[in-house]
Ligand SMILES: Cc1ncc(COP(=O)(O)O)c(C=O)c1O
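A single chain comes next, written as structure tokens; it is the form predicted on its own.
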Amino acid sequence: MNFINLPRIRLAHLPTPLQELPRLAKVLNGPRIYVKRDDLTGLAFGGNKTRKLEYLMGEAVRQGADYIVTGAGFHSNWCTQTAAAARKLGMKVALVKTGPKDGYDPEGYDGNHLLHFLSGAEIKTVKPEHAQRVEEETMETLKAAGHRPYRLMATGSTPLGVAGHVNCMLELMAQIVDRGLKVDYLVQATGSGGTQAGLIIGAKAFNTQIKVIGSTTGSRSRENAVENVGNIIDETLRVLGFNLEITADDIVVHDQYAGEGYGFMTEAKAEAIKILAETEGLFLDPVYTSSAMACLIDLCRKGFFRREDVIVFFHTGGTAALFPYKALLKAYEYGKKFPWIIPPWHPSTLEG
């Protein structure tokens, strides 16, 4: 499979802007900081997952699919972007989402779950250990009914999806060259690993000398995240035919900023959200971008970056997730204790 000839459907508004954050840099007394605004990709409130979907949905269209089946967490940005892409292309979508119990259905709809509902997605919420089986059963049921379903695995962190972020690095390099910049680091949130894998491959393939730093979303330890990203890189290099040498030393991950689990709240993340809103009028989400920004802020405070360094913060979107966390952000602003740390929709909160 050749990278240049991959199937692709244009879904995103590209290139996304590259903007300097001078007031944030002044507050941190650190290096120059830029933000790559993938929250402005234009599909369903924006987000970097649109880049994955351009290639994945391109393959779905090539195969004549009329249904998309995928799964992720209850308030998943991936599910929001996928549902929007499917609808935009005239397909139906079935989402298998994980929650605290099978059939979990909160009284109030908010954040990404509200967007899934509004898109008309067929939603099944199950405990994590049932998700794979239910996705497979959904595929078989749709096939038996005469549909042509296409299943998107691993929230798009597969070689076709990774290609979207290889291309992102090429786009970023064009912007950097146009401005006469030399970028030293790119900081981003790493969850399922495909984004970081694609950016690392792109950084190597285009000889950028940019070091990609990932901050976990709480779903993996540093060791597990490094191994996962490494496996995705190896598979992508093989499938897409890249001849590159990438080792574990190229995969930098921090796991101390996201809390003890996926979507858990921390004061560092709340602080990151508040600082960006107050200094630059830029809104982060409580799961992905706040973890990455908490990492960037802490590394600045510890003197990890040199004053002459140039940093790009990769804003991956997901701001719809702010709203289910509103009580926590209010508590942080007024110096009160968080009403909860573990999200009520997290699989660990209930039995059933």
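Just count from 1 along the sequence shown to find any residue number. In this text, all values refer to a predicted model and were calculated from it rather than measured experimentally.
FYI, the form predicted together with this ligand isn't displayed, but the following is about it.
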(request) Sort through Ile233, Ala189, Ala83, Val166 and report the residue having a heavy atom within 4.5 Å of this ligand in the predicted complex. (result) Ala189
(request) With this ligand left out of view, choose which of Gly263, Gly73, Gly193, Gly214 has a non-hydrogen atom within 4.5 angstroms of it in the predicted complex. (result) Gly193
(message) Only one of these stretches, 60-68, 303-311, 47-55, 323-331, has heavy atoms within 4.5 Å of this ligand in the predicted complex; which one is it?
(response) 47-55
(message) Thr208 versus this ligand, in the predicted complex: is there a non-hydrogen atom within 4.5 Å?
(response) no
(message) Residue-level contact is defined here as any heavy atom of the residue lying within 4.5 Å of this ligand in the predicted complex; does Thr155 satisfy this criterion?
(response) yes
(request) Decide yes or no: are Thr98, Thr125 and Trp345 jointly within 4.5 Å of this ligand in the predicted complex, with each residue judged by its heavy atoms? (result) no
(message) For the stretch 311-331, I need every residue with any heavy atom inside 4.5 Å of this ligand in the predicted complex, listed N to C.
(response) Thr316, Gly317, Gly318
